[in-house]
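Only one chain is included here, represented as structure tokens and corresponding to the form predicted alone.
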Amino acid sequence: MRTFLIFLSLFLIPGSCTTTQQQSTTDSDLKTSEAGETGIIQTELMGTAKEVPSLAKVYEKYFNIGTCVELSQLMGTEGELLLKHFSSLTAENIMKPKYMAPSEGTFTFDNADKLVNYALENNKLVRGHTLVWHNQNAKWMFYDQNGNKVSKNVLLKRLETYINTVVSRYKGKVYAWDVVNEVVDATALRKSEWLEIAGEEYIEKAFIYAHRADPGARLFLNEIDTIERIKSENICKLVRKLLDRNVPIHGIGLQFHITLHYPGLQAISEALKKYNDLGLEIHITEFDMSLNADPDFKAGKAPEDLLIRQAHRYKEIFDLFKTYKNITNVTFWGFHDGHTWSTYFPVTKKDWPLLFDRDFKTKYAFWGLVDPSRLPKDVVINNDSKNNFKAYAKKGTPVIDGMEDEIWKKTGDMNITIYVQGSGSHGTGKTLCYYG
């Protein structure tokens, strides 16, 4: 009975059965593990960029490893991390239309040039992000001098000029472009000024203009929430339509802003199969894993038990990526917890979604990808496409009164199924747990 209670205590974590897409993490969730072993291992695993294996080299036979960057991160310790661990760079902001073309006829290439030149000098690939988006766009494209909406022909002509100017400048230097970004909504094309004025045609025109400007560049449709079942079907429908029209699209970019619990591995696997069946390249373009959705949580550092779970989840997902030859790039949206959009969007909060901590030291997540054998044992929780959670505990070695528990040693891995009743991935619903 004593052993059974120890086992159950691993799972009785308030909130661990919730199924909302933006996983809510309560103060009760954020309790640091008291297992002394994990603290020791964490200390042993800590290391700087110069002291640990290169992430890019570990995965070079599978896919390129990338990150988004700002110019300020190209120097110092951050620069060392970039040079050692990443083979592909994406501009976090400076190559978006808002900054590249602040007004009609005016292009500001200085910052983008610095990033591209840095990449070329250090033998790094560059992903261009992004040519067309409903946010951070060049607002002047949509209006005339009197503030009225322009015609479809005018808008498409301005788009052609913009894309030709930007893509031509980096011809042969930027190997892949996110041509259109987030144009698919949950159930249809996203409502935007692009769609309002030009209709669906602006999407295929953007690809055509980019291909003319640089026939050697790989051109991608980049989307968010790509694991959602209905949205993934709509993304594939759009891509098939473009392919049927002989539009030069070469790949799909899957943004992967996920949480510790959502989406489940099975849902990810099912979505990847859909995209893989299209026969195009797949880039994982914006990967991070949020640990906290509670802006009221004020702890100075991440709870260790959540960091361990994060590492196991990163490993499981990367193991899945490695089974798809069409996945040729995995780009993290940032590389250390001191610089991540997750701490200020959609709300200001504490979060630890990346592979290195604020002091640029390796986290468990890094070792989950580089050397999983060095990770502590942990409870791993997954949910399937129907939002039923399955949890299992790997066999451990608890010590009670100074002695290793004999009954636990004789017990194999245990399984728990947690059944969740709710209104789908966006509702918390009533939680029912069954242990057996």
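Note that the structure is predicted; figures quoted are calculated from it, not measured. Position 1 is the first residue in the sequence shown; the rest follow in order.
What follows is about the form predicted together with a small molecule, which we do not show.
Participant: Does the 4.5 Å heavy atom contact test between R309 and the small molecule in the model of the complex come out positive?
Facilitator: R309 lies outside the contact set for the small molecule.
Participant: Evaluate H129 for contact with the small molecule in the model of the complex, applying a 4.5 angstroms cut-off between non-hydrogen atoms, and reply yes or no.
Facilitator: Within the cut-off, so yes.
Participant: Under a 4.5 Å heavy atom criterion, is E316 part of the interface with the small molecule in the model of the complex?
Facilitator: E316: no contact with the small molecule in the model of the complex.
Participant: Answer for K361 alone: is it within 4.5 Å of the small molecule in the model of the complex, judged on heavy atom distances?
Facilitator: Close contact is absent here: in the model of the complex, K361 is far from the small molecule, nothing within 4.5 Å, heavy atoms only.
Participant: Judged by heavy atoms and a 4.5 Å cut-off, are S54, K57 and F86 together in contact with the small molecule in the model of the complex?
Facilitator: No, none of the three is in contact.
Participant: Please pick, from Y262, Y175, F109, W133, the one residue with any non-hydrogen atom lying within 4.5 angstroms of the small molecule in the model of the complex.
Facilitator: Filtering the options by heavy-atom distance leaves W133.
Participant: Of these, K205, K231, K96, R218, which has a heavy atom no more than 4.5 Å from the small molecule in the model of the complex?
Facilitator: Only one listed residue qualifies here, and that residue is K96.
Participant: When the small molecule is placed as it is in the model of the complex, which of 361-369, 322-330, 348-356, 250-258 ends up with heavy atoms within 4.5 Å of it?
Facilitator: So the stretch in question is 250-258.
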